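Here we start with a single chain on its own, the form predicted on its own, put down as structure tokens.
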Amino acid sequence: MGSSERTVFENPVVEWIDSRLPVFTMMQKEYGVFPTPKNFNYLWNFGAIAMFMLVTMIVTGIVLAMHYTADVTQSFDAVERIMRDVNGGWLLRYMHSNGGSFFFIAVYIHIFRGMYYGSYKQPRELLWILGVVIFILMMATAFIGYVLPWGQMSLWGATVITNLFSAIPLVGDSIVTLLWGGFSVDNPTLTRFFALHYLLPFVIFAVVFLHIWALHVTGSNNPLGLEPKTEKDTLPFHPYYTMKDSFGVVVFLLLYAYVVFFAPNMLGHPDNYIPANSLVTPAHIVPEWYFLPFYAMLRAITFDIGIPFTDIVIISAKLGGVITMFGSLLLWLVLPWLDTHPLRSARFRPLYKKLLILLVLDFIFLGYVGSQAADATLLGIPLSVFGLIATGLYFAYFIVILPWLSKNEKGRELPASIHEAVLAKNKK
């Protein structure tokens, strides 16, 4: 980078460093004068909030790892020792365990915002795909992290979920043996999961870096779904959005702090405060709340698929559930090609807006279904029936409804520019 392209700083130390390694010039370019649409609302705060929570999880996780012992005979007691004997250990543990939930809250809202405003559409397809990859990595990290306290739900949750891979033809049993490090969930499983749980957050951080890089190449979407045309449509990121993001982070942290200090066990399962016992199966095995919709889809498939009028099974119920669960996430990856409507924002697509809200309600209902026992009923009807219907609606939205809307929905007229829309709003 030539000297003419470099920012000159008044601080002599910063200037000395930047003249030799222009890191401050890069930060000024990417986070100072970076042009950003001037009409962001507070839903755009959740990217920064998610980043803050990721850093919080990494820092608290590193410190907790210093006191944790990955051994089935000591792990549960190690967590108790962190809570009782390590200075500030209770705070670190509660920040980490509840931080996972708040991280998912921020990311779920971030994903909904992307769907609502069409942030996955050209030219931001790769930006969206990287975001979905981050979410999948988060799910893997959270699952193996839930195993580490080695309580009852840790052991049996790991047993149930890892056993799913055995449904994969030919290689399933080998994958399960590889995950377990043996022929049951035991000490080799715990040590592998601890190593992966420590490593994966740094992988997530690397993908987040790519995610932000892609964002700075294509620029941010905005509530109108319009591309900035002139300088009037944008504002420099600093100080406008650094202050707005900071306010959003503080409000979010107040809610996070309330749970950490006043309701730290609210989101945990009572059975996980009992040491793991392979001879006693919990009455109801249930994952953390952020997995529940996908868990409901997994359980929704209770029938084999085969050739009619024969005993030949092509897809077993177990494999069908696995395909359904992972397929529900793969649909997010191809979303940019399922919704090809020329308008981005749901503000100008009234039918899409209503159906997206129905999808969110369907997703929340699936979470409720996943939280209940397999033999539960609703209105005298097995809840599994409602779970199957809700799963069908979920897949129908992506596979049928979105392509149909792309061809048939007539949207509302767009404003001429972001600047004019902001002026019109201010006049009102």
Partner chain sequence: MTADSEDRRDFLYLTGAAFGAVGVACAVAPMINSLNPAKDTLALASTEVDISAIPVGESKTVMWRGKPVFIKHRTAEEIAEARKVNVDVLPDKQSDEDRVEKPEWLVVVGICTHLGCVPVGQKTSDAHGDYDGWFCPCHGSHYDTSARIRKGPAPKNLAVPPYEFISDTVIRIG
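Computed from a predicted model, the values in this text were never measured in an experiment. Numbering follows the first chain given and starts at 1.
Form predicted in complex with its partner chain: not shown, discussed below.
- In the predicted bound form, its partner chain sits within 4.5 Å of a heavy atom of I285.
- A residue is said to contact a partner when one of its heavy atoms sits within 4.5 Å of a partner heavy atom; A374 meets this definition for its partner chain in the predicted bound form.
- The closest heavy atom approach of L298 to its partner chain in the predicted bound form falls within 4.5 Å.
- The shortest heavy atom separation between P123 and its partner chain in the predicted bound form exceeds 4.5 Å.
- Scanning M83, L267, L164, I136 against its partner chain in the predicted bound form with a 4.5 Å heavy atom cut-off leaves one residue, L164.
- This chain is drawn without its partner chain; in the predicted bound form, the residue among N87, T281, T73, T230 with a heavy atom within 4.5 Å of it is T281.
- Note on the interface: of 137-145, 153-161, 256-264, 211-219, the segment with non-hydrogen atoms within 4.5 angstroms of its partner chain in the predicted bound form is 153-161.
- Within 4.5 angstroms of its partner chain in the predicted bound form, the stretch 154-185 places a non-hydrogen atom from each of W156, T159, V160, N163, L164, T177, L178, G181, G182, F183, S184, taken in sequence order.
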